[in-house]
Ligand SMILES: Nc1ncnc2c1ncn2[C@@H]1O[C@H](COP(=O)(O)OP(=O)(O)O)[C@@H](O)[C@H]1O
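Before any questions on binding or motion, here is one chain by itself as structure tokens, the form predicted alone.
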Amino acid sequence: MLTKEQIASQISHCLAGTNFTNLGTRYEGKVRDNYTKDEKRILITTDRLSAFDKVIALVPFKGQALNALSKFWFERTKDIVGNHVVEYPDPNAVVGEECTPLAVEMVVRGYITGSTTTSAWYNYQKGVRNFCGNPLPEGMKKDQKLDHAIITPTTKAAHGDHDESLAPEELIKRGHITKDDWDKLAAISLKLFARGQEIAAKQGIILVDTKYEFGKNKKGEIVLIDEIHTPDSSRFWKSATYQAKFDKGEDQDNINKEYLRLWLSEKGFIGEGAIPAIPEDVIVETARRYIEAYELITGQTFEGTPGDPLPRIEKNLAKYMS
């Protein structure tokens, strides 16, 4: 594990973004810069942290940790569904097969929790008892385990807009996805989630919930794209302290960006208005949790590459540049 001092020293070298003019057509997502060229998509994972559908902060080593975790999970789930990966030429980058994205995000939940307006717990507190087509019983408590994993899909909002949680029937009715593709995505998503929970459990980690994004390759096959089981797309808790904290109604031991989301919520920010100034120690702790997530889940030591990442990325992607 990197020390807090090592993490703090990287703050001035956070990767805010890239703008390579000879790497192809550029599209900026909330966290990743995407370049498309010659039927390839190059995704550069920045250090931007997105929460409440906004870019909130820059977190040192975050991009590297996310990229490394996705690599770990893609390799361990490719027997369930193919993925877009061609190669990992840089700690912050992955080159993938260009795919046509499907217009839904598959959110899978094993517990009722969350602090955002699209979360299951937020809606349950508001009296919702049928969330995206999933009936929920009365008397549930925050962070309670569900009887079985549920899928609560959202639309894929344009950059800067909010995702919308909808029941599958509504997604199909509005033309976001076909019934056949929905059935396939639902089955794949539940298998991926079960695999994620199984692997995480062996490391003393609970995979609480997650989201998956899919596309179709040039053969028309459904493939997993973007990322999988990272602290950005997923919520993780520590198994050892779950029950005691649940019984006391205390916040769980999070090892993901929920730490910063909760910090912002305590300051009264849940997505609207000005983002509060975030102190350096909160940024460092957020980074430490991303690194901790990688190490706890994979059982491997995180090998962060310090310094200015831009020249290194440009060098490592040289063969893809005109």
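Numbering starts at 1 and runs along the sequence shown. Please read these numbers as outputs of a predicted model, since none were measured by experiment.
Beyond the structure shown, there is the form predicted together with this ligand, which is absent from this document and is the topic of what follows.
Exercise. Pick from Asp143, Asp181, Glu98, Asp90: which has a non-hydrogen atom within 4.5 Å of this ligand in the predicted complex?
Worked result: Only one option qualifies, and that one is Glu98.
For this session: Name the residue from Leu43, Ile297, Ala51, Ile291 that puts a heavy atom within 4.5 Å of this ligand in the predicted complex.
Result: Selected option: Leu43.
For this session: State yes or no: in the predicted complex, is some non-hydrogen atom of Lys30 no more than 4.5 angstroms from a non-hydrogen atom of this ligand?
Result: Lys30: contacts this ligand in the predicted complex.
Exercise. Could you tell me if His84 has a non-hydrogen atom within 4.5 Å of this ligand in the predicted complex?
Worked result: Although this ligand is absent here, His84 would touch it in the predicted complex, with heavy atoms inside 4.5 Å.
For this session: Examine Ile225 and determine whether its closest non-hydrogen atom to this ligand in the predicted complex is within 4.5 angstroms.
Result: The answer is yes: Ile225 has a heavy atom within 4.5 Å of this ligand.
Problem set entry | Any non-hydrogen atom of Asn34 within 4.5 angstroms of this ligand in the predicted complex | Residue-level check for Asn34: yes, a contact with this ligand.
Exercise. Among 283-291, 22-30, 256-264, 64-72, which stretch has residues with heavy atoms no more than 4.5 Å from this ligand in the predicted complex?
Worked result: Going through the listed ranges, the match is 22-30.
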